[in-house]
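Here you get one chain, nothing else, as structure tokens; it is the form predicted on its own.
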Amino acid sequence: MDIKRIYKSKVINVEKVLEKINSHDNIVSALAAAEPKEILSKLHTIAKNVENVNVTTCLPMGSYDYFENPKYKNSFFMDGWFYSPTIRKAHKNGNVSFIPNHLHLSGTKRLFHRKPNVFIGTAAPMDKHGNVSLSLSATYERTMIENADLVIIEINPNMPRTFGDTIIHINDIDYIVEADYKVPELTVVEPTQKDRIIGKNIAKLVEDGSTIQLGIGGIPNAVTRELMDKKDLGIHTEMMTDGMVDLYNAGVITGKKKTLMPGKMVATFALGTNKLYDFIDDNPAVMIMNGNWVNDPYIIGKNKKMVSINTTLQIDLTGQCASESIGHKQFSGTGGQADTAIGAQNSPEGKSIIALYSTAKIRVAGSDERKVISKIVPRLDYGAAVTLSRNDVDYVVTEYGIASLRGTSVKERVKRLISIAHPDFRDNLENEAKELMIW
């Protein structure tokens, strides 16, 4: 079998690829930095030839006309597993919608609803055996490739070659677009003073030998900096980040104490800067595995001392977390928050931690004035989605301390959560709790 000949026979340009897309097709795009920029940036150019093309995606990094420009809304509709800033902006156009999901079931449940006609993604260059690496994500990509009628991959020499469920053979690809662009980066958010205080509080709960899961943003970045004095930490996480590279290089992450895949840093996707991409490139210590395995709460629970660290937008006095919407407005997504929190509770000596600022500033309707509100509330905002059940929160952390909720009654939770609320709101929270008989 002449691998190089087979490869060349599949190479076509973007314009020819777009001719393969028909009206009413269901397209699935790879996640975040694994998305195919060349195809997506030109998808709108076939708008006059198609109608009702559905594109399912997750956390898109780029700004693309096909869903951002309302004049293409009759040609394309986007369904998102996780909203990014670009999707939030386009939501008002009426051509995007959110798919409620737990990450570990996102792909399989989507297949229950509709089968993809076309999968589009990215990969690192082919090796001498005819294999390419899906590089930055195996969250749902492998599942969709196995079920799609047509598989189109952008081969980009700048994509890192990763191991795990990312390896597919050239025979499983129908068309190849050769690309050469810089891998999309997610800028590291510098932790604020408030972030650092919260990070210190969370670090107190992380024991040596723990396996950790972290997300993105100022608080998770602060946590990694505060874990520098820990020993023999492991990684089993939805998303691999720059901070984890820092911990590995400092000798903090060794994976020696992991009870599942010891010595391996396990994730379902990677998103960060070139520092992260250089680290995971051709690195057998990093395994990018299928999301339906990595984020399965049963699998997560096989890690002893599993610590799930997530953030939320709002929490009520009983422990319910609204982490993905502000009222009825979709802001992000459930992602793996429930997966990892439940998984950590299945783990021997595991912990589920939720972090948030005690307050937020919001705009006063009809003016440019802003007011400060408490993010710990008697009841969630009208229409807010409950991302994490109150049954699945062990610890809540703000800049004012740690509230341990594991095994507590509602009355005890009220007292403990008020104690870590901003002092300016504590009396009012107590009064509202009494009025609403939250005890």
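None of these values were measured; they are calculated from a predicted model. For every residue, the number given is its place in the sequence shown, counted from 1.
What comes next is about the form predicted together with coenzyme A (COA), which is not displayed.
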- prompt: Though only this chain appears here, would S332 touch coenzyme A (COA) in the model of the complex if you measure heavy atom gaps against 4.5 Å?
  reply: yes
query: Is there a non-hydrogen atom of K48 within 4.5 angstroms of a non-hydrogen atom of coenzyme A (COA) in the model of the complex?
result: no
- prompt: Can you check whether E238 is within 4.5 Å of coenzyme A (COA) in the model of the complex, heavy atom basis?
  reply: yes
query: Looking in the model of the complex, any heavy atom of I253 within 4.5 Å of coenzyme A (COA)?
result: no
query: Where, among 371-379, 65-73, 410-418, 396-404, do residues come within 4.5 Å of coenzyme A (COA) in the model of the complex by heavy atom distance?
result: 371-379
message: Under a 4.5 angstroms heavy atom criterion, identify the one residue in G215, G272, G243, P116 near coenzyme A (COA) in the model of the complex.
response: G215
query: Which pick from S106, S135, T211, S323 sits with a heavy atom within 4.5 Å of coenzyme A (COA) in the model of the complex?
result: S323
Sequence-ordered list of residues in 299-319 near coenzyme A (COA) in the model of the complex, where near means a heavy atom within 4.5 Å: N310, T311, T312, L313, Q314
